[in-house]
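Okay, so here's just one chain, in C-alpha cells, the form predicted on its own.
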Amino acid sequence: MTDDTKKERQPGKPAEDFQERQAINSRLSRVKEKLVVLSGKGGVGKSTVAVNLAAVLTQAGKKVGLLDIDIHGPSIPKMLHLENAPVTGTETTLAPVIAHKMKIMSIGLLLQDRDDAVIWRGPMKSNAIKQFLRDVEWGELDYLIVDCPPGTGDEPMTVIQLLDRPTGAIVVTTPQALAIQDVRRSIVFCRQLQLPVVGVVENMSGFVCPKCGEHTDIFQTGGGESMARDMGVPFLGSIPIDPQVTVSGDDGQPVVQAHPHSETSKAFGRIVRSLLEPELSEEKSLEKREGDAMKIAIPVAQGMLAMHFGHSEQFALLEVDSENKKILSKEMLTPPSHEPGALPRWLSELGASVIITGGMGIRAQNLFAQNGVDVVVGAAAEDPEKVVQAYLEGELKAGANICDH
C-alpha cells in the first residue's frame, strides 16, 4: 500500500472508504510509533509480551497505548483486571481505559458479560478494528502497541493495512520447532504486506528459579534466535519461564511492575532498550567508544557517593581517559529539581555516559537508558574519585542494588 492510496481517492473505490481512511489517519497522526505484536502460533505468551513491553516503555517515560484486537479471545482486560472497567465516550468517540499509566482498548471491555462469545465473520471483525482506530481518542502517544490474535488472518491483516505507516512488527515465538515453523510464516506474511520486522522475541526460553536465580533449560532454547538469523531479521532477546508472570497476571499487574528486579523484568528491560537504542544520538554513541574521553556522573551527599541518586546534594562529573585509565577533570554541579526524567536528561545533556550509584529503581534505570547513560548500581559510599578510578581499572566492587522500588 503506497502513500498515494492514503492521500488520494482511488478510481473505483467508494467515497466512504476514502473518508474512513482519512479519519483513521487523522486520529493516529499524533502517534509516533506503531508496533504490531504477532505470532503464527497460539499459546506462546504474545499478550504477556505485549503488556510487559508496553509497561516498560511507560516506565521509561513514554506515552503508551495498548490495543487488543483479538476479537474472539481478548486477554488484555483479564491480565490487567479491567473486566468491569467502564468505557465512556460520545456517539462518535470512545475514551480508552487508563490503567498502569497506559491507554487501553479491547473488545473485552465492550462485552456486557465477560463470558460472552463473539461469533463474528471477517467483515464484522474488520469493522470493529476500524472503530478502535478511528473512534478511540488515543491522543498523543509515543507508542501504540497492537496485540494481535495468533495466525495471519483477518485481524492482523486489517490492522496492518489500516495503520498509517506502521513502525513494524515484533514477532513472538517459543523455542520449539513447531512454533518456530509457524512464526516463519508470520515473517513472510509481514514481508508480503511490506511491514518491517522490528525483531523476534523468544518467550519461555529456559526456567529461572525465582528463589536462587539458577537458569535451567527445561526445553530446548535458542530456536528463536537461530530462526531470526536464518530469516535475516533482528533478534531482540529471550524471556524465561517464570511462575511470577502467571501470578502477577492473575493479580492484574505486569510482572515488570510486580517484580521489577526479577530476571524476567531485566529481560524485558533489555528488549525495550534495544527498541529505544535508535533514538540515542550518534554523538552519544561516539562518546562511549574505547579510548575516547568520556564523562562519569557520581551522585554526592556530604562529599561521598550518595547511596541513592535521588537523594544527592550534588553531582560530581568526572571527565576521564578510559584508554589510559586516568581522571582528567572533576566538576561539582548542583542538580535541577528531582522531577521524573529531569536528572537523566540533565546528565545526558552534560555529556555523561555512565552514572555510578548505590541504588536506583528500575523506572529510573530505564529513563537513564533512554537518554543513553549506562547505570552501575551497588557501589559503596566512598570518595567519587576513588570510585571512578576503581571503575576505570575494572576493580569497582559493586554489591546489591539497595533500591527496592
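Here the structure is a predicted model, which means the values were calculated and not measured. Residue positions are given as counts along the sequence shown, with the first one as 1.
There is also a form predicted in complex with adenosine-5'-diphosphate (ADP); it is not shown, and the following applies to it.
Residue-level contacts in the predicted complex: of A379, I362, I69, V44, one residue has a heavy atom within 4.5 Å of adenosine-5'-diphosphate (ADP), and it is V44. In terms of contact with adenosine-5'-diphosphate (ADP) in the predicted complex, the residue from L162, V233, V97, I241 that brings a heavy atom within 4.5 Å is I241. Using a 4.5 angstroms threshold between heavy atoms, Q176 stays clear of adenosine-5'-diphosphate (ADP) in the predicted complex. Of the heavy atoms in V245, some are within 4.5 Å of adenosine-5'-diphosphate (ADP) in the predicted complex. Although the partner is absent here, T48 lies within 4.5 Å of adenosine-5'-diphosphate (ADP) in the predicted complex, judged by heavy atoms. Within this chain, M79 lines the site of adenosine-5'-diphosphate (ADP) in the predicted complex, having a heavy atom no more than 4.5 Å away. In summary, the region of this chain contacting adenosine-5'-diphosphate (ADP) in the predicted complex, judged by heavy atoms within 4.5 Å and restricted to 80 to 88, 162 to 170, 103 to 111, 199 to 207, corresponds to 199 to 207.
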